[in-house]
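In structure tokens, the next block holds one chain alone, the form predicted on its own.
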Amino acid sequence: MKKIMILGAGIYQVPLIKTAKRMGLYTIAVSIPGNYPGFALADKSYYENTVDEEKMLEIARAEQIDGIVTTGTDVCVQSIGNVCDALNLCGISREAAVIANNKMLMKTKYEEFGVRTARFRQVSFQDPDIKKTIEGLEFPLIFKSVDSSGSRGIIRVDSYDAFDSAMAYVKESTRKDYFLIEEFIEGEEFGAQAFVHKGEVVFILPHGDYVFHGDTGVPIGHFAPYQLSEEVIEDARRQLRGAVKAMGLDNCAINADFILKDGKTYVLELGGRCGATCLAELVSIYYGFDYYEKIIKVALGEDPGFDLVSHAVPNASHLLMSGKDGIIVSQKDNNPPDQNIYEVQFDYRPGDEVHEFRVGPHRIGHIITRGETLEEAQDLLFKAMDKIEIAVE
């Protein structure tokens, strides 16, 4: 029986674990201790920090794994690259993972390879004259932690008066002594899921984003297809292929974030893993295959056999969120059976503590719908959301 090591045991790794077990694989889940649902599903669990590269390699060697993978999180991608390099497994390299896990290295590579991106500066937290360091950049600005994920450590800044508080916010989310300041591009945010295998970008699926506007924009849902002109879509594909080359990504899923301004696509960042917030499901529904299965097959060094021709199913998803901190008193899905309601999922149970939504990990569930047209899928999505009752006190 082949062994697959899955880094993370949270809500976004659960489908990966379930799919691996359905494929007849021995599953090994690794995560820091916590009330993570993946632990109960996996054949074996290790309670370790997935950013500890040497510990992940030690476990991988001891278990004699055949593949290592994650989805929905960036923090462990460097550990995956380290294991793949050391054990000659199929997956992202450590060098590419280091770039993918550091927004400053990523942006520097984009600039070097001519990938269209926002103007930026690297700034030390101890910089005595930040105004001089960022001379030439125009407000509004974005302050970013270079090594965080899930929209943490990112905040918009509209004036010099907000610098101190913004720096303090970013500092809470980073292990580095520096951060990134870039120009905020006023435009339309969208994304893409893609996959690169044996040096070839197999598919690029642009998708629209539903965005929560707090300290910065946080994706809370997605939909496909995304209605763009062929010219804009081709430009986005060119920029993504350029970014993949710049970063050295290979044999991995890709989560891309873009901004569209004046008909041109600007690359915000690429992750060397599948996106969160139901994006693996978006790909699966749209193309008509199990994307989790494809991701696992590539990690095992097998032929994934992507079929991109026979389907193009419109679909949409949205997170379920709480408007306040508290305890879930009750939750109920009042929707009648409908084959186009693909999934309604509650992450918590009555009695569990939840948070007012500010960042992605504050989600308390999700809903996914599909339709003959995108309009049908989106219309059903919001009608179905209205019939979901979650009481928080």
Ligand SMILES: Nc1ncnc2c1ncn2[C@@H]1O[C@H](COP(=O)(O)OP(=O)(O)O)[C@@H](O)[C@H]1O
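Take the two forms, superpose them, and find the largest set of C-alpha atoms that agree within 1.5 Å; that set is the rigid core. The first residue of the sequence shown is number 1, and the count goes up from there. Keep in mind it's a predicted model, so treat the numbers as computed, not measured.
This next part talks about the form predicted in complex with this ligand, which is not shown.
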(request) Indicate whether the candidate residues K103, R152 and E269 are all in contact with this ligand in the model of the complex, with contact defined as any heavy atom within 4.5 Å. (result) yes
(request) Quick one: find which of 255 to 263, 294 to 302, 228 to 236, 108 to 116 has residues within 4.5 Å of this ligand in the model of the complex by heavy atom distance. (result) 255 to 263
(request) Would you mind picking the one in E182, D127, D85, D250 that has a heavy atom within 4.5 Å of this ligand in the model of the complex? (result) E182
(request) Name the residue from I204, I134, I142, V313 that puts a heavy atom within 4.5 Å of this ligand in the model of the complex. (result) I142
(request) Using a 4.5 Å heavy atom cut-off, state whether S148 contacts this ligand in the model of the complex. (result) yes
(message) I'd like to know if E189 sits close to this ligand in the model of the complex, meaning any non-hydrogen atom pair within 4.5 angstroms.
(response) yes
(message) For P140, does the CA position differ by 2 Å or more between this form and the one not shown when the superposition is done on the rigid core?
(response) yes
(request) Would you tell me if F120 moves between this form and the one not shown by 2 Å or more at its C-alpha, with the rigid core held superposed? (result) yes
(request) Once the core is aligned, please say if the CA of F289 is shifted by at least 2 angstroms between this form and the one not shown. (result) no
